[in-house]
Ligand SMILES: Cc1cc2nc3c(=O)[nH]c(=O)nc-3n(C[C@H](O)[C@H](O)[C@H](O)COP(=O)(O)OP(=O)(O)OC[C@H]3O[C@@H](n4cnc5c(N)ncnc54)[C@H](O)[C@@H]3O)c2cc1C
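Next up is one chain by itself, shown in structure tokens, the form predicted alone.
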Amino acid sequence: MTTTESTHEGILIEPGDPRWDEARAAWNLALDQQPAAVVAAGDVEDVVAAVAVARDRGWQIAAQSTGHNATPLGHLADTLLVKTAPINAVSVDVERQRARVGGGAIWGDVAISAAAHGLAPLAGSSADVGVVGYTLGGGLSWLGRRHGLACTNVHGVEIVTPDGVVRWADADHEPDLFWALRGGGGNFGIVTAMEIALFPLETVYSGQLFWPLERAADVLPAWRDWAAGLSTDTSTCIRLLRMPPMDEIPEPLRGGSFFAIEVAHLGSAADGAALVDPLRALGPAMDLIAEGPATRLMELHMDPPHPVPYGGGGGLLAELPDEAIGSLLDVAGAGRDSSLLSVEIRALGGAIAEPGDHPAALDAITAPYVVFCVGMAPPPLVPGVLADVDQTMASLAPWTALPSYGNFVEQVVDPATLWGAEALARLCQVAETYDPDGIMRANHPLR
């Protein structure tokens, strides 16, 4: 077993403290979070104490590790923001192929710890995304078509519920709470640890192919048809990219506009190369697909490695006919004036569409595609980015699917559109049991 330790004393930070602006920040620097106070929790005892402070002062509670997808939280007046980032220890149980991760752990640390033993987690596309928030909301991984959603591969959760009690939820303990935490979001308390599955994986055949954005009209339909025949060993997405002229972006991409295909193949390099041959026959301008360590998947999506100001949003697609492709390119293709850095369509299916071994609030996503749009801009310009997000998603509206996927929805929506009426009703019952006073706030609330 290997362990990465982290210790930190919990600190109550209030307005006027010199640490205030840093403490209250979300990952999206366009947000101006103004909670009543912030607690930087170093361990589970700090979280229990934070809940007691909130109750004593009549505040609600919101939890954040990295603060991704914080936009739907809205105004945080009379809310104690509990930051769990310091609770970031990661331990790997090699024999059981599991990891216990702290409530503030990020995927990059988990991936590195697991890779030392030839294992890999169901990590997201960015190394600095928090494990807990991502998993509570579902969790789409490059390994997901083989192994399913991250939330259905959770084996246990340590959580401080709004009554200040530390609970362990798994299939045999607090089963209703365990069901809700697997895809039901952060509505039930502050998670201080999770036990998650790991999977044998040492190398991947992965990378990107790039074409000029003008080629999207002919390459995107070819990708759609190619992706439909893939086994669950292969995951893929396309992106319409408008790269900013930033020094941290490599020179071949800096300031350019591209159509990109990303591929992650979990089998041999020889098999992966044979799979990719039809795409290479379409004449990409750049070919960056190669074999490498499993941790390479943390860099595949080229996400920024630090907080930025941005606007984003997305949803699910029931199908991707030629008409949908044409409608999308009419607003986000070559020659269009769009502020969006990336418009992405991921192919889902495989185990993502199949329920896991134990019931979960989000046990599968049956839609074949998910879309996410994002643009980076100084905070005053983010409303224009969001307008482009809305326009792009509107172009795909005839083909959208419900329930949607909360991790890619960055605005307040009817919760029934995220979980469906039946699951939502049960989630509300669980919330009533563990938070009858309604003091817990989540980015996608149930009520």
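Residue numbers here begin at 1 and follow the sequence given. It should be emphasised that the depicted structure is a prediction, and the values quoted were computed from it without experimental measurement.
Below, we refer to the form predicted in complex with this ligand, which is not included among the displayed structures.
A.B. asks: Partner absent here, but in the predicted bound form, which of 133 to 141, 253 to 261, 272 to 280, 93 to 101 has residues with a heavy atom within 4.5 Å of this ligand?
C.D. replies: Among the listed stretches, the partner-contacting one is 133 to 141.
A.B. asks: Does at least one non-hydrogen atom of residue 386 fall within 4.5 angstroms of this ligand in the predicted bound form?
C.D. replies: Residue 386 lies outside the contact set for this ligand.
A.B. asks: Please determine whether residue 190 contacts this ligand in the predicted bound form, using a 4.5 Å cut-off between heavy atoms.
C.D. replies: Although this ligand is absent here, residue 190 would touch it in the predicted bound form, with heavy atoms inside 4.5 Å.
A.B. asks: Indicate whether this ligand has at least one heavy atom within 4.5 Å of a heavy atom of residue 129 in the predicted bound form.
C.D. replies: Answer yes; at least one heavy atom of residue 129 falls within 4.5 Å of this ligand in the predicted bound form.
A.B. asks: Going by a heavy atom distance of 4.5 Å, is residue 67 a contact of this ligand in the predicted bound form?
C.D. replies: Yes, contact at 4.5 Å.
A.B. asks: May I ask whether 27, 84 and 303 each come within 4.5 Å of this ligand in the predicted bound form, counting any non-hydrogen atom?
C.D. replies: Contact check passed for all of 27, 84 and 303.
A.B. asks: Heavy atom within 4.5 Å of this ligand in the predicted bound form: which of 63, 38, 51, 418?
C.D. replies: None of the others qualify; the residue that does is 63.
A.B. asks: Among 148, 124, 183, 375, which has at least one heavy atom within 4.5 Å of this ligand in the predicted bound form?
C.D. replies: Looking at 148, 124, 183, 375 one by one, just 124 meets the 4.5 Å heavy-atom criterion.
A.B. asks: Pull the contact list for 310 to 335: residues with a heavy atom within 4.5 Å of this ligand in the predicted bound form, in sequence order.
C.D. replies: Counting only heavy atoms within 4.5 Å of this ligand in the predicted bound form, the single contacting residue of 310 to 335 is 310.
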